[in-house]
Structures are given as C-alpha cells and as structure tokens.
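Here we start with a single chain on its own, the form predicted alone, put down as structure tokens.
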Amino acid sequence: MDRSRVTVVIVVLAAALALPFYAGPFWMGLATQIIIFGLLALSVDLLLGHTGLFSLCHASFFAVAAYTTAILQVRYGTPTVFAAPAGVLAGTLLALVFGIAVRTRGVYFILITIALGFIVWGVAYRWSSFTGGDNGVTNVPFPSIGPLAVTSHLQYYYLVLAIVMLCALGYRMLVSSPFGLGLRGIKASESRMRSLGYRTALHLYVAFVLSGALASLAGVLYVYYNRFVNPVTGSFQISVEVALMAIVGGSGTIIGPFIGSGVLLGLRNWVSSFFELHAAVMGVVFIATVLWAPDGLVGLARRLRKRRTGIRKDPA
C-alpha cells in the first residue's frame, strides 16, 4: 500500500472514530447503515470485482441471517452468543446451496441468482406464521454477551465499526492471497486458468460461499441495528442497490463499496425528503457512473490524480 493510500485510510478511520463527537444521532445512525450496507456491497464485489460474476441474490443471505438471529432472540430467548453465529451459519448454508449458480456464466448467472433470490423473498412474505409476513419480527434486543452488553446506538456504532474493520482487513488478505489472485486470473481468462490446472469451478464456488458468509454477517449486524426485519430485507431491490453501491464506488476495491454505500444512502435520504421519485435519481447516478466513470468513483479519482501528476511533470 503506497503512502497516499495509507494517508486516506488513516483520515477515514480518524473521521469515523470521531463522528459521534461532532454529529448528531441522525448522522450517526446513517453512518452505521452506510458501514453495514458497505459490508454487504463488499460481499457482492468479491464476486463482481474479482471473478466477474454479477450476483443479484445477496439480499437473500442478508435476510436469512437477519431472520434467523431475530427469531432466535425474540421468540426463543436465545442469547446473542448463539443467535448471532446461528444467523451467519444459516446465511452461509444457504450460500452453499445457491452456489450451484456458478455452473452458469454471463446473463444466465444473473437470471438464476434473480430467481433464487425471489424464492427466499417469497418464503419470507408468504410463510407469515413463521416470518411474520409484512409485519416481520420486531423488538430485537441489542447484542449482549454475559456482562458485556450494548445499551445504546453509540456503543453499537463502535461495535459495527470494529467488526467491519476486521472484515476489511481479512478481505484484503483474501484477495491478496494465491486464492484471490486465482480469482482474478479466472476473471481475465477462465479457459487459460483451466489449462494451467486450476479447478476454476471450485474456486468460483468457494468465492460464492465466502461472499454469502460476508453478506450473512452484514445481515446480523443490520438486524441488531434496525431491531426489526421483514421481507423487504430480502427483496430484489436490496440486491440491486448493493450491486450499484459496489459499481458506483469502484468495483474491485475495498473502499469503493463503502463509498458507493455512502453516496446511494446519502442521496436517498436527501432526495426523498423533497422528491417522490427518488429511485429515478438513483438510476441517473448509475447511468452517469457507467458513462463517465466506469471504474467507479475510486477509479475516477485515480485517473484525475494521474492526469494532475502528468501535468506537473510536463516541462512545458
């Protein structure tokens, strides 16, 4: 990591740590949502940015983890130490099943993930005796492990920040490992990697499951923050939005999905306050990104920095 990146990371981290001291409850709540959905977008980008697979079913893992945790805590009184891991495990097991999608490529992969996602949404919506239907599961308590208990949104903000920072560090180690480099090779040329002896289907399957596990963790963090979960959590709209977050911020990067999360959630909260068709604004942002910043905001910043550096070095 070069000096400029280290500086950016330090500045962003310092700002995140100091946020509660200069921002009100609304902004702190929005920041918590940005971090959680940034983690969900990062899980999508493990496939999109490093294998080229565009998944539109990650809201399913997100929702199943959230529902599992909420139902265990609210209806069965299961302690956090068991309910939270059970939520992550449930979402990961679903990813193990949905991993069959990696047998397809291109538009067929997109279509099958959409279909799989609608199955989960349909179950959550129709099985109202178990999931609560539109009413969902409410009154999810803050997490607590023995004497260690979260009692406020401020404490939960710092807990989420710490967990996501650890996830980002682990993610960086993963994509920099031989496995991660193998995924990039598959994205560049799967046939060539196969000719070199790589079991490309297994690589993609493992990447899909790891991506699902990360999305499941985001779902657990979300339900403890929102303290409520309903079928909207597993809807197609959520899957599309988090994919857009990864693309707008900068696919194939770590900070990009979090930037995209901040842009989309910030715009939604701002625009929806005075414009009913706020979803149209999200569409315009995506179109503008594809046309003028195909590498996302992170890629745009890199190009501008290179251009500025080139101008400075120009003797003329």
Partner chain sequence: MTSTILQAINGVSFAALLFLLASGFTLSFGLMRVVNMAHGAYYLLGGYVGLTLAEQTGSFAVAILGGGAAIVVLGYLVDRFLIRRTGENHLAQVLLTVGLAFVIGDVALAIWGGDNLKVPVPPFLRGAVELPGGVYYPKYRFVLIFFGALVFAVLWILYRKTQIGAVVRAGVDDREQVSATGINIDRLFVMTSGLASFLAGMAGVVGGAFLTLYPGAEWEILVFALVVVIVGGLGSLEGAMVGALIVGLLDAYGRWLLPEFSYFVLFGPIALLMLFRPRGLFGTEH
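Here the structure is a predicted model, which is why all the values come from computation and not from measurement. Residue numbers count along the first chain shown, from 1.
If you look for the form predicted together with the partner chain, you will not find it shown, but the lines that follow are about it.
In the model of the complex, Phe118 approaches the partner chain with a heavy atom inside 4.5 Å. Using a 4.5 angstroms limit between non-hydrogen atoms, Ile110 touches the partner chain in the model of the complex.
At the 4.5 Å threshold, heavy atoms of Phe236 reach the partner chain in the model of the complex. A residue is said to contact a partner when one of its heavy atoms sits within 4.5 Å of a partner heavy atom; Ser177 fails this definition for the partner chain in the model of the complex, lying far away.
Listed stretches are 159 to 167, 71 to 79, 202 to 210, 119 to 127; the contact stretch with the partner chain in the model of the complex is 119 to 127, by a heavy atom cutoff of 4.5 Å. This chain appears without its partner; in the model of the complex, the one residue of Ile36, Val64, Ile259, Leu48 with a heavy atom within 4.5 Å of the partner chain is Leu48. Along 89 to 105, residues Ile100, Ala101, Arg103, Thr104 each place a heavy atom within 4.5 Å of the partner chain in the model of the complex.
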